[in-house]
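In structure tokens, one chain follows: the form predicted on its own.
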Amino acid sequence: MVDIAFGPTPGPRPDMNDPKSAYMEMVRRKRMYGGILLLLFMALLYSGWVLADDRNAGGFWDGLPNILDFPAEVFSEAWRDRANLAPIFAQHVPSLIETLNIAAVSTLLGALFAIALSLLATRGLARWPRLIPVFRRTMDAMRAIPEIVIALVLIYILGGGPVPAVIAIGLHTGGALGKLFSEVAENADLKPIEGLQSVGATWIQRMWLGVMPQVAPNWLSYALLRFEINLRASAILGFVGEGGIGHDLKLAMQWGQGRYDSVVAIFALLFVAIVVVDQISDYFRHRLVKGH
């Protein structure tokens, strides 16, 4: 029998008649292995940092003392023109609403994709068990490709606007939520499903009546969490021409000096929106999962 604490090779072993010394020997070995792994990690981190610094066009260490110059310039100009912030807030509210709409629609579409794929990819629930690997690899592919890559491809096909953003975020959401939904569905009790099957219920009826009541709270909780993530993603996609408040932020930053008050106002508006959505979704997630 192999001693997993000290390895399979022959060698000295602690005296098990003295539990304290045996325990201390195990602790020393674990600390030694942990130290070796830490040193290896630090060496890899250092080598990667040196390589990245050599390939950095601007010189990281040369520019490090100036890292706060740009934020200071932005905030000083915004403070000087602080009287203009309130009108700027009102000016960009429609773009914020568009960003919220992109996040909401893409989350809804992605969740619908995720529901179908997760049920088809869950062992014990799948309509076609032999196709489970196909549906699982489909979800892997959907979440492996970043939203911005999908959006850049769709821009050439569909042009700029919110539609490519909705499709890009929806596809990635479908893959990410599909994985989570499938893991929740795997823990569902099969007895209600077997009972429905015994009375002749179809596969859709078994899923709707036997599985959905069990998994709905956790699924909704994951969907709300994903909505928060998609709100940030939809703002980021605005930088590549997908509309919304991210597009306004990109234009304001491109104009540079003279528009930094708009940059600060947009950042503040987006931050407030994310905090509000986070608090609301956190409240509903708690109610759904905890029941109070």
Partner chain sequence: MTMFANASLPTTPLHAAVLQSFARKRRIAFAVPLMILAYLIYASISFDLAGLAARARIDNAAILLSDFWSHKTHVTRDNRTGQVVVAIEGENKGTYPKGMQPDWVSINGDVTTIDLGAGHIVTYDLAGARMVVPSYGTINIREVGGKPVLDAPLPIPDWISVAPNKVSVTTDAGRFSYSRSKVETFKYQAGWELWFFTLDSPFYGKSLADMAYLATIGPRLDETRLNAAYMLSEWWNNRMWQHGVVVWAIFETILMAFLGTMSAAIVSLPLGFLAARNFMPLGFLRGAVRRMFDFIRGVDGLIWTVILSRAFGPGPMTGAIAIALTDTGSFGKMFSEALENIDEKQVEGVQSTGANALQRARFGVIPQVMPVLLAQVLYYLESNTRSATVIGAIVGGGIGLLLTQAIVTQKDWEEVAYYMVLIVLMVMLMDSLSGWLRRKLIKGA
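Positions refer to the first chain, counted from 1. Only the largest set of C-alpha atoms that superpose within 1.5 Å between the two forms is called the rigid core. Everything numeric here is computed off the predicted structure, so don't read it as measured data.
Keep in mind the form predicted together with its partner chain is missing from the figure; the text below concerns it.
The single contact residue among Ala201, Met212, Leu85, Leu152, judged by any heavy atom lying within 4.5 Å of its partner chain in the model of the complex, is Leu152.
A single residue from the set Pro217, Pro129, Pro192, Gly160 has any heavy atom within 4.5 angstroms of its partner chain in the model of the complex; that residue is Gly160. The stretch in contact with its partner chain in the model of the complex, judged by heavy atoms within 4.5 Å, is 138-146, chosen from 138-146, 116-124, 76-84, 193-201. Using a 4.5 angstroms heavy atom cutoff to its partner chain in the model of the complex, none of Ala185, Arg206 and Leu288 count as contacting. Although the partner is absent from this view, Phe70 contacts its partner chain in the model of the complex, with a non-hydrogen atom inside 4.5 angstroms. Its partner chain is not drawn, but in the model of the complex it has a heavy atom within 4.5 Å of Asn101. Under a 4.5 angstroms non-hydrogen atom cutoff, its partner chain in the model of the complex lacks Met26 among its neighbouring residues. Although the partner is absent from this view, Ala52 contacts its partner chain in the model of the complex, with a non-hydrogen atom inside 4.5 angstroms. Taking its partner chain as it sits in the model of the complex, the stretch 102-121 comes within 4.5 angstroms of it through a non-hydrogen atom at Ile102, Ala104, Val105, Leu108, Leu109. Gly124 shows a C-alpha shift below 2 Å between this form and the one not shown [criterion: core-superposed Cα displacement of 2 Å].
Relative to the superposed core, Pro213 undergoes a Cα shift smaller than 2 Å between this form and the one not shown. Fitting the two forms on the rigid core leaves the C-alpha of Pro71 displaced by at least 2 angstroms between this form and the one not shown.
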